[in-house]
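Just one chain follows, in the form predicted on its own, and it is written as structure tokens.
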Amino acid sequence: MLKLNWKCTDISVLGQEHGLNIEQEFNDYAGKISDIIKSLNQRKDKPGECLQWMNLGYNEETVWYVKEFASMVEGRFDNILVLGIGGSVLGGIAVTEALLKPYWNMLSAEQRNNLPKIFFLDNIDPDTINGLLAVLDLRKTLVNVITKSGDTAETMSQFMVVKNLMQEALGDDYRKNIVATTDKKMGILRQLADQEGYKIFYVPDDIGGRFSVFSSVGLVPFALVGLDIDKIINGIKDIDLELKNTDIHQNIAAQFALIHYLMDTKKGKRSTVLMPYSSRLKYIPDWYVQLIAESLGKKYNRAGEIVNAGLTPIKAYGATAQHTKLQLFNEGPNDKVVTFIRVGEFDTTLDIPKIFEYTGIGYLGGKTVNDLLRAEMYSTKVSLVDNQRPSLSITIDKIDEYNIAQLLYMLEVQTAISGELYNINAFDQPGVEQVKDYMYALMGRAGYEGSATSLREKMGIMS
């Protein structure tokens, strides 16, 4: 199971000004945390609570359908192309980058065990889209278009471009190269899939995009490139049992959430840094940034009071960030909590040869790159302590389906607990919806004509 070390947030290490009396805080908040965990688990099956993601580890029917589909299309495609934005793809990118062999798309078919390459279009930059489509053979590509609402402008514009090209290349057979992941009952993509005969997977009700990685949103692309989704589900189920524990002393998600909440509200540390010491985990902070920013960044609390709550998430990964961001972390504003992710055992070991022994770098010879990366992490952690900067450490045994699933699910649960501590709705995103409305107006969507005029006036003032 995951391990959380919070000692470098305690007053015994950081002192009174920047540290917390962790054991005392755990005792003081024991009742509240217990009530929050009970409430979340009691509400998870109620419509409208947006907590269905807590049940994804037990959705055996979806797992079966996904595995069946992956088996049916096995060997038919050279490429998987995933279209989406935000929560539709960030989890997919993070997990596939972590679990597939490094440089997967550059490996030969034999090295990939004849499994397809996978590409994600996660933005609407025209140069990137045109560049990818120029090198992909769409006749040998399975396109997975993902949007819960069914009308996300960025995703559907991608799809309109790709679908048109696929139809030119394949004729009526293009339909066999498309799988849609969307809402079960409504939305334009749902209608198109029915009309044109695409294979469909459904995003369950009451699951927001940023909590959807273990639904069909993530499981479909994972299975298509050969990841073991049974191990993913087993990892979720096992840690879910631990995170149902109402005793904060035994619940690492509750500990993680409470420490961040108290560091914010008592110590003014309003930024959270996620810093894995593994290049394979470098995209997990991107997923985490959306999870925290959209969930906790809220103007109003549940009582309707203006609170402007939220932690500012910052992505980093070691040892690269030591040469880009550590100066800020150590000597800039003391307003951050850094969370290291440590890998207990890497898949491989890389020896550093004993050469250049007569120079100042001779000391590296005979060690391993694994040793060096471990030393980099501990050195960074100690330097933060020297500067009275709080940090946490999460340890995963190794990078595999079981452990990565546990890591992401724990971060989801701690986000839900954090929302309850801040007394805000962690599952809506009104600030995002406002931008969508402005975009609809500018692009001429029917029903937004009135706001388009005033919006252009405002834009003229700002330009």
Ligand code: PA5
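So that there is no doubt, residue numbering starts at 1 and follows the sequence shown. Since the model is a prediction, treat every value here as computed from it, not as a measurement.
One more form of this protein exists, namely the form predicted together with the named molecule; it is left out here, but the text below deals with it.
Although the partner is absent from this view, Q429 contacts the named molecule in the predicted bound form, with a non-hydrogen atom inside 4.5 angstroms.
Interface membership of G87, defined by any non-hydrogen atom within 4.5 Å of the named molecule in the predicted bound form, is confirmed. Among heavy atoms of K436, some come within 4.5 Å of the named molecule in the predicted bound form. For T152, a non-hydrogen atom is located within 4.5 Å of the named molecule in the predicted bound form, even though that partner is not displayed. Note on the interface: of 208-216, 315-323, 358-366, 380-388, the segment with non-hydrogen atoms within 4.5 angstroms of the named molecule in the predicted bound form is 208-216.
For the three marked residues, K148, Q290 and E294, a heavy atom of each sits within 4.5 Å of the named molecule in the predicted bound form.
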